[in-house]
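Just the one chain here, the form predicted on its own, laid out as structure tokens.
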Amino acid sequence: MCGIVGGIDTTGGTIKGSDFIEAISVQHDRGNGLGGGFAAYGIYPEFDRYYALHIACNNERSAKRADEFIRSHLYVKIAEDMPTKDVKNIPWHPLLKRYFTFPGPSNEDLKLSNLGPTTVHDEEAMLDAYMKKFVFNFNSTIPEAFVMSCGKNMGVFKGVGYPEDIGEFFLVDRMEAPVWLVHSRFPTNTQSWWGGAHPFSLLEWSVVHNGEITSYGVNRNYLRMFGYDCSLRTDTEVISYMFDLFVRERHLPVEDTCTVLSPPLWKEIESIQDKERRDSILQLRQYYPQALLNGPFAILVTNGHEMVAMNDNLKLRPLVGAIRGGQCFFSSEECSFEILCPDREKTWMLKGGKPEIVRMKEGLNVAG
């Protein structure tokens, strides 16, 4: 089950959050009220230099410990309760906090040049590495609390409930953003809790997923070797970490990362006529076997600049795409497009194992 929806306006224009609430609500029967969530990009332009840290704490004690931990490791520009409203169908929720932060517990005049490398790329890489380590230290150190998201100019809003109720709770209907991910959860083999809802996020990467990652144990052990500790007790968590590991840390192109996670079948590789391409895919499959995702899945992944839509090789979960002008949408069901783009120019069913990649200012550039 599970329902997923994603959208990106490659011109940089914004799409209303209320449209995505309605687009996922028409897939109501794909969820069972045990998880829903939204990821929105470009929503904090006035603080785009800072890491927007969204955290959830079960009680005042864990919230106090979380605040102390954050202030001892990060400079805090703003700390506030996350804006929410009372919703009848969400009888309980954790304490939800939002911080706009920057690595280093010193003042706002913190100089990047004093932190190590001098190039912008190296500075950004160093700060991202610091925040990655911070997130995993936070999740393992502060009991009854977890990080929902920590990227720049983006945020994840998720919890236990139907997504339309979660959207109302987090005031998503008042937001507009150029990039969205939405999820309606139907958990089958993991518990329902606020940290287990989708999207899963680390730094700029977020993912929503319909299906099951049967290779979760192997993937989790592989990630642990590189400092990624899977503590949120849901198999989808490994996907967001894989994209961070391969794209951000190892500088692998997104296309190659998709090949690592869902490579062609051996017989497909053998049939590729282009020797250079065949050898490249063969090397990726042989070099990263522990990163391969097994099981039925349909996933949407984004970092706010590009969106990836991908099925397992056998296409055991539905995923369709649609285009309207510079906007591209993906969904578990075409009915969502009647809300998001009723005047769409094209609709198509994604092929198994063939990722579709949409980039800002470029549009769709793969099979679709």
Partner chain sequence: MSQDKLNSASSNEKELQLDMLKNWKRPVKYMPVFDYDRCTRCGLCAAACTWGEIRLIPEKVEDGKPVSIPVANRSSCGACHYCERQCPEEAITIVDTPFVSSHRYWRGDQKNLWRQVDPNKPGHVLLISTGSDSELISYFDRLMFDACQVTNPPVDPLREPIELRTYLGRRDFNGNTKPTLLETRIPILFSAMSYGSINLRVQIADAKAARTLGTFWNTGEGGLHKKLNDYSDNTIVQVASGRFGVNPRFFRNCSAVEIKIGQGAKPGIGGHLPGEKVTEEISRTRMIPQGSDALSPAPHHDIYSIEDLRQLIYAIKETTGYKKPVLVKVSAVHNIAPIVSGIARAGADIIAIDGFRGGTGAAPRRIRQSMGIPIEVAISAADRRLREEKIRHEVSLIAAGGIRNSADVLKAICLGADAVYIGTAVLVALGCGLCQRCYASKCSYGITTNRADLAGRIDIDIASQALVGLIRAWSDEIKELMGGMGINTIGSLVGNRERLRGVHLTSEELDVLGVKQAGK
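Remember, it's a predicted structure, so these values are computed and weren't measured experimentally. Residue numbers count along the first chain shown, from 1.
One more form of this protein exists, namely the form predicted together with the partner chain; it is left out here, but the text below deals with it.
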Checklist entry - Between the options K85, R277, R250, R174, which residue brings a heavy atom to within 4.5 Å of the partner chain in the predicted complex? => result R250
Checklist entry - Though the partner chain is not shown, can you say which of D244, D128, E168, E212 has a heavy atom within 4.5 Å of it in the predicted complex? => result E212
Item to check | Residue stretch of 193-201, 218-226, 177-185, 145-153 approaching the partner chain in the predicted complex, non-hydrogen atom distance within 4.5 Å | outcome: 218-226
Checklist entry - Should N139 be counted as a contact of the partner chain in the predicted complex, where contact means heavy atoms within 4.5 Å? => result no
Next on the checklist: in the predicted complex, does H54 come within 4.5 Å of the partner chain, counting heavy atoms only?
Outcome noted: no
Next on the checklist: Although the partner isn't part of this model, could you tell me whether E270 comes within 4.5 Å of the partner chain in the predicted complex, counting any heavy atom of the residue?
Outcome noted: yes
Next on the checklist: So, I78 and the partner chain: in the predicted complex, are they within 4.5 Å at any heavy atom pair?
Outcome noted: no
Next on the checklist: At 4.5 Å, heavy atom to heavy atom, what parts of 276-302 sit next to the partner chain in the predicted complex? List them in sequence order, or say none.
Outcome noted: L282, Q283, R285, Q286, Y287, Y288, P289, Q290, L292, N294, G295, P296
